[in-house]
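Here you get one chain, nothing else, as structure tokens; it is the form predicted on its own.
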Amino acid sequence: MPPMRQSSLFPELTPPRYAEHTAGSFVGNMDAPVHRWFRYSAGFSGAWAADLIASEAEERPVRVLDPFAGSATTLIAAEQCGAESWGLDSHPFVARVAHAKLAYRSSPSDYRRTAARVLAHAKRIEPDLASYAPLIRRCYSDDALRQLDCLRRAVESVDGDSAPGRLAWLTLAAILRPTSHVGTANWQYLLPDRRKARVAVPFVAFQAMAQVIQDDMEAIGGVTGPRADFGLGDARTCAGLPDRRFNLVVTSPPYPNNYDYADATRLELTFFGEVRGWGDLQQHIRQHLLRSCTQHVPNSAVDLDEVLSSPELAPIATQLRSTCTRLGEIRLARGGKKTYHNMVACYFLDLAQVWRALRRVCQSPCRVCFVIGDSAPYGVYVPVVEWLSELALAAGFRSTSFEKTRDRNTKWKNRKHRVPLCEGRLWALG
């Protein structure tokens, strides 16, 4: 990769040294209060985000933005640092998870009573399994689904706009994986043909999860200061956010690695009746998301020449066109014929729009941190960091630097592609 605008040339951009948490991993959150309430594989370390925000706040009052807020990791960290914060996410289900988690500062006793009332009501309801989609019938035994159905209808009887109601819904959402007998891949894709050795009983799991949530709420009860402002929204436009409002952006946009955020939540979406089958994911979820997956970009939906000719892509147009041409040629020789050529082009167009939106809503000076990784579809290396840096500069940011945190794609046994990749923090100063 050619040298970027290094921080030695721009000393004001030199990133401070924070406690060494793995920024790109959600694993550390699984033991952390509030963060652990729902496993969202595409998240990053809440402890690292809190370290970063606290360090920045020592220099000046910060207004934090996370335009890919996911399950609210950054926003929770900002609240616990006493910083103002705003967040957007375009995935409707994940946004609902975030909205529920942000109720952690509400009354633990109100939540405890609501959760107990939901469980008691569920035990009195007669289950009705007739409306559940085939996927759900395949993922749960009838006994488990009867209890889950009763819990779902009991949760729906509670005021869903209230903090206890949102938390009761999240309590149920959090136990859908543990109470299913089917396996789950590392990235939350379902493995219906693989059975788990241990499966939780829904009523017992609900009560246990409710206790975890209550304990965490009581343990962090002293949080004061501004509450995060969060909503369903698109990072490509940041519509509704005021101009020149933010001076710190902490986020992790999707990587161009073909991870399907819609499919990763298919179990939950189907259980709650938001989709009925695979085909519904495109209409209800994927169309709203940044295009980082080939499922978003079939040839019928993309005019590749038009995308590559977009003025936003001018800084990287020559290299991007060459890469997409090569991917298109390789695709024809592959059985799956995945449309990586379309995905890569659309991904960078979307990120170019994100950078422009961020330049509009950020102050001068401001600091932006993207937790990001590079990619190599079909073994063709895509210099994500370099190209995102060029797009940031074209959008009006003054300088960029990259801080590598770890190597990826190094365990090559049984892998088709052996291109070394990395992950790290792309910093931009505006």
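Quick caveat: nothing in here was measured; it's all calculated off a predicted structure. Throughout, we count residues from 1 along the sequence that is shown.
The protein also exists as the form predicted together with a small molecule; that form is not presented, and the subsequent description refers to it.
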In the model of the complex, does every one of Asp234, Ser252 and His288 come within 4.5 Å of the small molecule, counting any heavy atom?
yes
Touches the small molecule in the model of the complex: Gly373 (any heavy atom, 4.5 Å):
no
According to a 4.5 angstroms non-hydrogen atom cut-off, is Pro377 in contact with the small molecule in the model of the complex?
no
So in the model of the complex, does any heavy atom of His91 sit within 4.5 Å of the small molecule?
yes
With a 4.5 Å heavy atom cut-off, would you call Trp387 a contact of the small molecule in the model of the complex?
no
Per contact check vs the small molecule in the model of the complex (non-hydrogen atom within 4.5 angstroms), the hit among 271 to 279, 70 to 78, 218 to 226, 302 to 310 is 70 to 78
What is the one choice in Tyr261, Phe348, Trp355, Phe206 with a heavy atom within 4.5 Å of the small molecule in the model of the complex?
Tyr261
Considering the small molecule in the model of the complex, which of Phe397, Trp37, Tyr40, Phe402 comes within 4.5 Å of it through any heavy atom?
Tyr40
